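For reference, the chain that follows is the form predicted on its own, supplied as structure tokens.
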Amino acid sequence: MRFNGEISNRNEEEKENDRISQSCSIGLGFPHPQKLVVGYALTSKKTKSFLQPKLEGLARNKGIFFVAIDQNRSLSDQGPFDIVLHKLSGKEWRRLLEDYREKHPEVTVLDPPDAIQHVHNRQSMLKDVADMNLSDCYGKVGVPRQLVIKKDPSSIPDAVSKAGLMLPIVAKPLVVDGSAKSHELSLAYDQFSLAKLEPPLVLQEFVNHGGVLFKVYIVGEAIKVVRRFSLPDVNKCELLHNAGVFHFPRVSCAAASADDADLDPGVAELPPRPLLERLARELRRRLGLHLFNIDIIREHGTRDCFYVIDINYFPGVILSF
């Protein structure tokens, strides 16, 4: 079974950061002031990947300054901030941030903790897409049929059968907590193998999509789309002759860029811009988020049938000012 770009490569991610930095800007509705202070609370890994010298230099030229937040002190004793940018978890941090938002409603927090929590669960993250029933002259957007399994792997084959899900089945961890494990996925080819999966999981019908997905990065009103290699299509012959569960540690990472690949035009064509703008606008409103990305696939053999398969808060590549 062929597969491209399973393992993340930080150098490749940095290159893609640069490409996106050069072509996209934040559109949060702020004017360009003399000085704008962004307080950031990130893990050391996220700080290293996000606050690269090129980004800081570009920001300074626009009067934007990044200031590290001390998580052990009250936010009100720090700053003052115009924006608080964060990607931390934990009840204590959420309490500090909610207290700060209540006392300083004039400060923009990217993004509210409750809104972020909504996309940390794959059961809830796609519900807003499904509820949209988004369809217009540019195409239609939905979600693959899916099923949530919280325990008892032995019950999975019967549950999949009762739900009418077709093989192969994509299995993803239910909770997205930022760890590498939460981005792993498995592809089960036969009914028997389903019982080998480890709940809690979201099971999705696999949709053939030409081995390419579109990562749509959204920062305020700004949108940037890149192509990534994904799982290859599965034909009926492969389905009949393959069995078992195939595990993939990381799919569609930055190292799997397909932007410069020689692809079939029907596979490589980006989703229509008006469709993406409408989808992004609706999701910003429904999710209450300004900094996230959507993973979208086009059903192979169609031009206008799209599926959202994942939503991620504050993705790994940079969208710069």
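Note that residue numbering begins at 1 and tracks the sequence as displayed. Computed from a predicted model, the values in this text were never measured in an experiment.
Same protein, other form: the form predicted together with a small molecule, not shown, and the subject of what follows.
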Just one of 109, 129, 207, 75 has a heavy atom within 4.5 angstroms of the small molecule in the predicted complex, so which one? 207
Find the only residue in 97, 85, 213, 149 having a heavy atom within 4.5 Å of the small molecule in the predicted complex. 213
Please tell me whether the candidate spot formed by 139, 275 and 298 is one where all three residues come within 4.5 Å of the small molecule in the predicted complex (heavy atoms). no
Should residue 144 be classed as touching the small molecule in the predicted complex when contacts are defined as heavy atoms within 4.5 Å? yes
Please check if residue 227 has a heavy atom lying within 4.5 Å of any heavy atom of the small molecule in the predicted complex. no
I'd like to know if residue 251 sits close to the small molecule in the predicted complex, meaning any non-hydrogen atom pair within 4.5 angstroms. yes
Though only this chain appears here, would residue 231 touch the small molecule in the predicted complex if you measure heavy atom gaps against 4.5 Å? yes
Name the stretch, out of 238-246, 164-172, 149-157, 110-118, where some heavy atom lies within 4.5 Å of the small molecule in the predicted complex. 164-172
